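Shown below, as structure tokens, is a lone chain in the form predicted alone; questions about how it binds or moves come after it.
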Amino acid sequence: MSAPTEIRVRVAEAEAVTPAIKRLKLVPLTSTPLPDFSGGAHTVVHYTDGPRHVRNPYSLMGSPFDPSAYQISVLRVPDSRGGSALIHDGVHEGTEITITSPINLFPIDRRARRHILIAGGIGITPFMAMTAQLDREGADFQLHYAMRDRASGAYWKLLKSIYGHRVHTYFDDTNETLALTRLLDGQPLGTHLYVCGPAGMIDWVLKTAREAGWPEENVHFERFAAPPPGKPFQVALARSKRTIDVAPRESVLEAIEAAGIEPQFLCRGGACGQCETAVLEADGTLHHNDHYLSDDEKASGKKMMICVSRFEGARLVLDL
């Protein structure tokens, strides 16, 4: 998979959808239409405000059939590393930012006879484009959307107004819960399941589907892990002959980029495998936070996803 290209865009609309979610409509700076994308795709936003810089992935939630603009939603995370707050506070209508061309690690499976979409919280965003695509193509789908309450849930009224009975909502504050086992047991052969949301919800859906006998190839999920904080450490780059300091709230990828080196990436969330890097030496403990490497690969200590994983010890040498 080739590295994404960068595109300069302008924020045409900036709307507070809820107190914590900001919707941005992005249009190109030139007359050239934006690249096509399909439901489930994301872009990586690059935004710099003085010394502060953010590169975060966001699902494209506008219609895949409108190349004139992209739409994303940014959730302000109270204890985040600062990226979401920087966009909430610094990006307004008229702001120019850089994005990457679309990348789709969560596509609609064309083999499916029916599509069951399960969203939790901000995990609704990839399904905004998916539902538009499935509806346009006349596909059989249902959307099940769980939220804390009506005020904090984004887009549920809009989705219900467009798709009617195909959208099912559940609110924690009124003790509405998705009867997942019953939902999964009642599906015809050829149904595919998609889930995006908080880690706990994704784990619950995957476990329930596995216990219900769903084939692995019929179950699709997307989760981008934010790089967790940890102790500072140094990493030696064997090919570049550089030693880089990694700060407590900085990923290895971010530290390397700040030093002027540009490793490959697609998702920056431990899901795509593009930034997989060989570990040449590790005198300490590798903390694997990705969802890409197998348990055996993690145990071997020979590979590391530098976008989300960390190290604790005396010396780490990477093949970069």
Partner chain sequence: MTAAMISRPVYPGLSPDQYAKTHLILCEGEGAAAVLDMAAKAPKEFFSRALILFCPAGTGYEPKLAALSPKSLWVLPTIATAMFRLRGVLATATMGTRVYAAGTEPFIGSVLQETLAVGIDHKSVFTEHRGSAKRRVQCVHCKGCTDDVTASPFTCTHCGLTLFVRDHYSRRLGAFQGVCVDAEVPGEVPPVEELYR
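Numbering follows the first chain given and starts at 1. Computed from a prediction, not measured in an experiment: that's the story for all the values here.
Quick note: we don't show the form predicted in complex with the partner chain, though the next part is all about it.
Contact annotation for Ala85: none of its heavy atoms lies within 4.5 Å of the partner chain in the model of the complex. A residue is said to contact a partner when one of its heavy atoms sits within 4.5 Å of a partner heavy atom; Glu211 meets this definition for the partner chain in the model of the complex. Remark: Gln142 does not count among the residues lining the partner chain in the model of the complex, judged by a heavy atom distance of 4.5 Å or less. Interface residue remark: Gln234 is not counted as part of the site for the partner chain in the model of the complex, having no heavy atom within 4.5 Å. The three marked residues, Thr18, Arg76 and Pro78, fail to reach the partner chain in the model of the complex, with no heavy atom of any inside 4.5 Å. Exactly one listed residue, out of Arg113, His92, Lys241, His165, brings a non-hydrogen atom to within 4.5 Å of the partner chain in the model of the complex: Arg113.
The partner is absent here; in the model of the complex, the one residue of Thr98, Ser152, Asn218, Thr169 having a heavy atom within 4.5 Å of the partner chain is Asn218.
Contact with the partner chain in the model of the complex, judged as any non-hydrogen atom within 4.5 angstroms, is confined among 122-130, 226-234, 170-178, 186-194 to 186-194.
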